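Just the one chain here, the form predicted on its own, laid out as structure tokens.
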Amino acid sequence: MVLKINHLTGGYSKTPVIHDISMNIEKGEIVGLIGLNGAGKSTTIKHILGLLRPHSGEIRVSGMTMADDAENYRRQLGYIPEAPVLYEELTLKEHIQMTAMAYGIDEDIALGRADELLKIFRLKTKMDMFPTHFSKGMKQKVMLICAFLAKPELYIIDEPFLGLDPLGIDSLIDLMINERSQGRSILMSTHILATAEKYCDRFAIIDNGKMITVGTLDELREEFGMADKNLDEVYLEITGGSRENA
């Protein structure tokens, strides 16, 4: 099991934002984390990343907790945030080199892995450029390149399709499917449910800080008595949301 969350309660202060969250991600699985804005997705992700300390409960990644070995724990994770976070004073090549250092990867191996990713995202000629010259979509692609060259056990991707052009979206989906085929796992937070329905193995639906359910689409249909409904319809029925705020 790559990720195991047991009865997690936590938030940014003494007042909890998420309550008694439990879920697992198995090896070689893509799980969609779905919820309205403010439902608790980002808070859950920050706890997994070790950026927030739980009020109670436990998170294990590849069997270990942050308390066991914080450095090795973090090396099991690759995080791609919704908004790209790059260092303006570092070139694209230097971002790759920094990622290699952070994950303990030989620089030549990292550059070799990055080479194919640079071709995929059409950034091979941009290695010596600084982020100030990149569009938002290009910055997002740099984040993807750095995460995928690290080859962690678990990718955490927050709204991965925002800012990407159609070719970038297709390339990202291909990469995720390839990583899954190699036994790596992905937790993907997204509002684009039609895409999630096609490529996710299971779905974790969170609402008002509580995990409502986790399962395959067929399991969700059966649980809530919604045979033949698509993910969008099942989700809206479960949460009582509307298409305007979903």
Partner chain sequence: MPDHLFKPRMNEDISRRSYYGKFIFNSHFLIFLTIAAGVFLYTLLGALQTIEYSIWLDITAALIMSLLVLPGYRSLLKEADGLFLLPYEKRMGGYFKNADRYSLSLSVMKPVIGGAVAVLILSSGHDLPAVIVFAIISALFYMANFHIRKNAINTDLSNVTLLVTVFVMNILSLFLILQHVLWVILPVTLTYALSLYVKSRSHKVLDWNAFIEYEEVQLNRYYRNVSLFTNVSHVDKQFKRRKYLDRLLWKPKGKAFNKENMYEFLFYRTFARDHDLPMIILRLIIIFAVVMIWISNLYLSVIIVLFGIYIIVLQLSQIYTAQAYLLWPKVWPVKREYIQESYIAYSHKLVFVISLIFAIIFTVVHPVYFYAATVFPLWGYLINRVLSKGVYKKEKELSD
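Numbering follows the first chain given and starts at 1. Only a predicted model underlies this, so the values are computations on that prediction, with no experimental measurement involved.
The next section is about a form of this same protein that is not shown, the form predicted in complex with the partner chain.
Residues of just one listed stretch (70-78, 157-165, 170-178, 114-122) have heavy atoms within 4.5 Å of the partner chain in the predicted bound form: 70-78. Contact with the partner chain in the predicted bound form holds for none of Ile48, Leu193 and Ile212, as no heavy atom of theirs lies within 4.5 Å. A residue is said to contact a partner when one of its heavy atoms sits within 4.5 Å of a partner heavy atom; Ala100 meets this definition for the partner chain in the predicted bound form. Of the heavy atoms in Glu153, none are within 4.5 Å of the partner chain in the predicted bound form.
Using a 4.5 Å cutoff between non-hydrogen atoms, Met143 counts as a contact of the partner chain in the predicted bound form. Contact annotation for Phe134: none of its heavy atoms lies within 4.5 Å of the partner chain in the predicted bound form. Of the residues in 102-129, those that come within 4.5 Å of the partner chain in the predicted bound form through at least one heavy atom are, in sequence order, Ala102, Tyr103, Ile105, Asp106, Glu107, Asp128.
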